[in-house]
Structure formats: C-alpha cells, structure tokens
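Only one chain is given next, in structure tokens, and it is the form predicted on its own.
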C-alpha cells in the first residue's frame, strides 16, 4: 500500500507536467485542426529562458518562470505569424502545416545546438534536495512544486476559458470558425491568443521539467508523451488533455514501479496505437475526418 501511494504521488507530479504540455497541442488543434509538432521546441526554449534568467541575470525563481512564459509566448506567436499564417492565407492542406511545424522544430533545435551548444545544463537548487516526509511517504520538493504550479496554471486556464469573453471567443472559434467570424469574432486574433497561451504554458512546463532533470537541446522530445496524452484524452478537448496527461503519468509511473523502467515508453506508445485503433477521437474528443 505504501508503494502504491508513493507511485501515485510521483505519477500525479509527472502527469501534471504532461498536462501543461498537452493543453498547448489541444488548444491549437481545436482551432486549426492540426498538431503543432514545433511545440516541443518551444518547451525547450522555455527551459533555456528560465535557466539563463536565473543563472545569468540572477532573477528569483518566480520571476524567471514569468520571463520564460513571456519569452515562449512571444516565440509561439512569431512562429504562427511567420510559418503558419502564410499557409492559412493560401488555404494550404493540413499536411503542409505539419511539415512546416516539423521543419520549424528542426531549425530551432539545431539553432540552439549551434549557438548555445549541446552540453546539458543544471538549474540552481531552489527548493532544496531533501524530500518532504509525510508519515512513511517521501515527496520530492521539486515534484511537489511541479504539481502545485501546474495545478494553479491549469486551474487558471480553465477559469479563463469558461468564464471570460476571450475564453468564450476561443470556444466559439473552435466550434465553428466561419460562424464565429460572422458573429464579430476575429479568428486571426483568437489564433494568436491560443498560440500565446499555449506558448506561455509550454515555457512554464519547460522550466519545471528542466529543474527536475536537465536542460539540453533535445529536451523537447518529451512532448511526444504530451502528444500521446492529448490523443489519449482527445485532441481538441481541454478536459481530455488534462485527463489523458494525468492518466499517462500514472500509468508510466506504476509500470516503472511495479514492472521495469524499460517498459515505460513501450507502454506509452502501445496506448497511442491502441487508442488510434479503437477510439481515434480519444476519451473525451469529438470525431474528426482529419485528425493529424
């Protein structure tokens, strides 16, 4: 029972990070109906922004997180304006968006390698090394911070989407872009807003993930897990992305704890394949003829 509770805590911690990453995929997919595979590179830049804000500028952790979020929000918007908007204006097929996203990801990753270098970097110790002991359960300080910060960010996002005019505009545009435009909503502004929100959350996720592990140019590969989580929960569904991310984090942790860490990634991709075969729309997603 003790091991079960310990794995549960660890699973919720990593699942919350997957959730921060996955909502970026889902928000973009809900509006533009394609998977933004450059999202991982934005997360990687967020990890570097936070690292340099703390190491070079000496900023406190909270300010560094805000700097990383602002930086990645700007990067995501610039990426949309330069790479995706021309394709939207030409009404290009969705395959072109995916190819462009992959190309942008490769460019950003290699640009970081050429300028900063491939050497992994370590965040300064902010929360301390010793775990927090609750009875017989040991909770890592970084894990607790990851879960708490992710929970606050995701709760704020849900409140924003459900209870603000801009959030309602996002929902309307996701439901029907042409109809929302006829009702006075500017789809172009909504797209910029969605990329900015997804980019900001990606920056926060990058900082938290970099603090737990290391910062290096290939750190964005972790978004494969968040993409699996988004597909698992349902691409285009914000609640689905949250549910899928938490479930994936728990499944991975329990597999690692009770079987072997060698099966962790294997199980994740089995879930992806099984979901695409059995229920392509995911747990809470809606059916789509073009799910990329």
Partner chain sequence: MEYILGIFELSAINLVAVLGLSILTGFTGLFSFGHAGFMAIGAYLSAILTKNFHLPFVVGILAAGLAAGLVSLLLGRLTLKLKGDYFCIATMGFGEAVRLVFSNWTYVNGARGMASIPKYDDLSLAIPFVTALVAVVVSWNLVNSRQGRNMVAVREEELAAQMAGIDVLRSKMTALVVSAILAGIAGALMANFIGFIAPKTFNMTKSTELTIIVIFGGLGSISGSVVGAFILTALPEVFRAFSDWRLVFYGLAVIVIMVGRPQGLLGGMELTPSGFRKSMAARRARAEFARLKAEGGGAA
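Positions refer to the first chain, counted from 1. All figures in this text were calculated on a predicted structure; none of them were measured in a lab.
Form predicted together with its partner chain: not shown, discussed below.
Contact annotation: its partner chain lies within 4.5 Å of heavy atoms from the stretch 226 to 234 in the model of the complex, the single such stretch among 49 to 57, 64 to 72, 246 to 254, 226 to 234. Not displayed here, its partner chain is approached by residue 281 to within 4.5 Å at the level of heavy atoms in the model of the complex. Interface residue remark: residue 110 is counted as part of the site for its partner chain in the model of the complex, having a heavy atom within 4.5 Å. Though the partner is left out of this view, residue 129 does not reach within 4.5 Å of its partner chain in the model of the complex, counting heavy atoms only. Not displayed here, its partner chain is kept clear of residue 133 by more than 4.5 Å at the level of heavy atoms in the model of the complex. For the candidate spot formed by 147, 200 and 209, no residue has a non-hydrogen atom within 4.5 angstroms of its partner chain in the model of the complex. Taking a 4.5 Å heavy atom cutoff to its partner chain in the model of the complex, the contact residue among 192, 177, 151, 82 is 82. Comment: its partner chain is not present in this chain, but in the model of the complex one of 159, 137, 102, 78 has a heavy atom within 4.5 Å of it, namely 102. Annotation for 65 to 95: interface residues with its partner chain in the model of the complex are 82, 83, 86, 87, 90, 94, 95 [heavy atom within 4.5 Å].
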